[in-house]
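Starting off, we have a lone chain in the form predicted on its own, written out as structure tokens.
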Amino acid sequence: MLLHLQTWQEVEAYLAKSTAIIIPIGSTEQHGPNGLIGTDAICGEAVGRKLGETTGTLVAPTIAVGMAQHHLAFPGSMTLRPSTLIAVVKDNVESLARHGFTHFYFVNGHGGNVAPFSSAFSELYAESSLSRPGNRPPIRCVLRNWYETPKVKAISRELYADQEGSHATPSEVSLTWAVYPQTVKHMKMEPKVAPRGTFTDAADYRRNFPDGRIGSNPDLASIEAGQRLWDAAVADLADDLASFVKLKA
């Protein structure tokens, strides 16, 4: 069930039986020579929507632009400042909380979002503590990275071992190909496995990783692997979501 395809009466009826909502999040940034710029948002949305279908949970619109300043030296990449992303998260949660939603389950596709989301959750809880008697906040928020669930990590190790890397990975590229098979692009990578290392700003990233990859060989990606990873992420997160919604707000 997608929030934007419901009427307000249908949302009101949903709230009578559940106050949980899934919010997919990602990023719009380069993903190497054969990865889509929307990879992180596509992955978060695909997993989040199938998770909603599997569990009967309402799914909010995807937050498709995240904190990705370090990718701005590559054309097409977009970013929000950390402070802007924090504000976006807070406004999304507070808008929905006004209607009675209490459990906010974020399905994330981008590592750069983790720190801003942690700060956003802290801000939400602080405001609740300061404006409400007692120490218990009226809402609960959690962030889950689809690519870090146990089943997904096991499949990634099985298929890609040390060629998985940390950016423009064959796992995430595979998932996007499963969602959009018409976008499959196989090409020889040079070097086959990208270098690893650190970075600061966008210029430093482009200098250290000229084709956009970090430690990965996304030419190993496949539609079949993407479907396995998609199903695995949903299976793991469905169990986790069920436990999360049982927590009292």
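Remember, predicted model here, so these are calculated numbers, not experimental data. Position 1 is the first residue in the sequence shown; the rest follow in order.
Below, we refer to the form predicted in complex with another copy of the chain, which is not included among the displayed structures.
K.L.:
Would you mind picking the one in S77, S156, Q163, T149 that has a heavy atom within 4.5 Å of another copy of the chain in the predicted bound form?
P.N.:
So the residue touching another copy of the chain in the predicted bound form, by this definition, is S77.
K.L.:
Given that the partner is absent here, does N145 sit within 4.5 Å of another copy of the chain in the predicted bound form, heavy atoms only?
P.N.:
N145 lies outside the contact set for another copy of the chain.
K.L.:
Test of understanding: in the predicted bound form, would A178 fall inside 4.5 Å of another copy of the chain by heavy atoms?
P.N.:
Judged by the heavy-atom cut-off of 4.5 Å, A178 is well away from another copy of the chain in the predicted bound form.
K.L.:
Taking 4.5 angstroms as the cut-off for heavy atoms, does A202 touch another copy of the chain in the predicted bound form?
P.N.:
A202: contacts another copy of the chain in the predicted bound form.
K.L.:
Can you check whether G32 is within 4.5 Å of another copy of the chain in the predicted bound form, heavy atom basis?
P.N.:
G32: contacts another copy of the chain in the predicted bound form.
K.L.:
In sequence order, which positions of 1-28 have a non-hydrogen atom within 4.5 Å of another copy of the chain in the predicted bound form?
P.N.:
Read in sequence order, the residues that approach another copy of the chain (within 4.5 Å, in the predicted bound form) are L3, H4, L5, Q6, T7, W8, Q9, E10, V11, E12, L15, T28.
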